[in-house]
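Next up: a single chain in structure tokens, the form predicted on its own.
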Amino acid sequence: MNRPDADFIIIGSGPAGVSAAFPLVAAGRRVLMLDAGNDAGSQEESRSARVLGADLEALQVDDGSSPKLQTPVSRGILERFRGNSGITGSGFTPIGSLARGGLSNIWGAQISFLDAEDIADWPIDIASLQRSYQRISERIGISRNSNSTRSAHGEPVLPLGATAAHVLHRNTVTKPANGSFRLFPAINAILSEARPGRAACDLSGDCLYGCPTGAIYNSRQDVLQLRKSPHFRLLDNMRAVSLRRDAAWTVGTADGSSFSAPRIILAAGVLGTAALLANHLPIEEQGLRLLNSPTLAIPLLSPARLLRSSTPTHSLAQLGLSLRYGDRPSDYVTGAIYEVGSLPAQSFINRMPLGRRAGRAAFETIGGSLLVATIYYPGDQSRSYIHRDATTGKSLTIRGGFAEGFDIRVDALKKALRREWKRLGLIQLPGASLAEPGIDAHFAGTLPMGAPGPFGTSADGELNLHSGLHIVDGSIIPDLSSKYITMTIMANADRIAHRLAETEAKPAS
């Protein structure tokens, strides 16, 4: 028998993949990571190329998606997935990446932590998850937005934009209309002070176009660190397309290569992992359940900040919010508030009931006083399923939709939020939009931890009925709260890898 290529093969170099790799490499396990992309980054591109695109594609008419998904860097990341994944959507926007770093290339970088109540139905304890949260936080670096001078951990904080600071102050001096409403400075995976190989945020506001200083976390940075270990090997341009189990697991790639290991760790993202496992799962007519968080965007105007210029800051979330607006457990939303002055202007101008020239003039006048709140619902408010293509039996289609009665809940939430906007001195502008399911890539729950049967996984992410095949991305998150999920996916991958390194995995001889 030939010697396996590694003790573990990790498929995917995104946040989940690198978070699983670090504990295994530290334990001396031989790790082979297969990366569908390569290291051809955009770090040396000029600012105009980053903002406008090499062919000025950013000046083309927008397609109605989130501004975050319309920047040149986002289009470059997403279009390769659209062209090569074999996954399409019907009433659903499939978001994925085949680039080095995965979706961390376009991650909004906002940080949330789940608590014991959030994971009450998970087959793990909160203490183990919290230990992993701590390890991930120390590795990637996080900072807080605040108008104070230092964070609770002694690190410098990043300044809030003036309009966000004004709204936060109003929140402290007026009583919420709903006692559950919370407004607070956002926490982001962005450096407020430099680390080796990464500079501190320069407050230029170019965040959505690819951070040239490395201040915003991207798992590409972790790949560079992993490559310094003799136990870690990375192969570029190796898009995994098949899995086969004989004496060990064998991964087949698009170029015809194959690699074997006793254990495979899937970190390809929820959609990528589903595509790889499609031949191993009994996906019948109903399809494979997919959780995703419906997203509502609400434009707001702060009259007190009219005719005032934007202040230097990053263009990630300035404030976070949460609100319980009903009696059902899922009548709970979280969200973020962005200053529009640091977001791509064209997307907003295109939506104004004015001509392009008049719209630009209006935007320049009021841009510093505009905010956008993005609201996330829990995943049980979506109703999406992954289906096989009936003709070929190979490609996948995701049919998306909202839960029954969701429109009524949207109206109830908007009514509750209007009271809070009024208290905060904000005017809700026309143009609130509910995004098509999938548009913001909060995916989870296709192969949940603790579930029985062929679609479930163990607490260690091992797929039922498939020994040695582990999953560490959002596929195994059993339920999807309205809180941002990336940090939890990373922490869960770290937790599983520590378990594998300590208890089950043995180095290949």
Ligand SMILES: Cc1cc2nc3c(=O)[nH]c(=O)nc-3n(C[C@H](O)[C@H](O)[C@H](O)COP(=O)(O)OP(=O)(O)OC[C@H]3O[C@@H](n4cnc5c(N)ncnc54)[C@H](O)[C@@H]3O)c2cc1C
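Computed from a predicted structure; not experimentally measured. Heads up: residue numbers just count along the shown sequence, starting at 1.
The same protein also has a form predicted in complex with the named molecule, omitted here; what follows describes it.
Q: Any chance 36, 103 and 107 all have a heavy atom within 4.5 Å of the named molecule in the model of the complex?
A: So, yes: the whole triplet contacts the named molecule.
Q: Within 4.5 Å of the named molecule in the model of the complex, counting heavy atoms only, one of 378-386, 403-411, 236-244, 283-291 shows up; tell me which.
A: The contacting stretch is 236-244.
Q: Is there a heavy atom of residue 500 lying 4.5 Å or less from a heavy atom of the named molecule in the model of the complex?
A: So residue 500 does not count as contacting the named molecule.
Q: Using a 4.5 angstroms cut-off on non-hydrogen atoms, would residue 16 count as touching the named molecule in the model of the complex?
A: Within the cut-off, so yes.
Q: Is residue 441 close enough to touch the named molecule in the model of the complex, meaning at least one heavy atom pair within 4.5 Å?
A: Contact with the named molecule, yes.
Q: Given that the partner is absent here, does residue 69 sit within 4.5 Å of the named molecule in the model of the complex, heavy atoms only?
A: Judged by the heavy-atom cut-off of 4.5 Å, residue 69 is in contact with the named molecule in the model of the complex.
Q: Relative to the named molecule in the model of the complex, which residues of 164-192 have a heavy atom no more than 4.5 Å away?
A: Residues within 4.5 Å: none.
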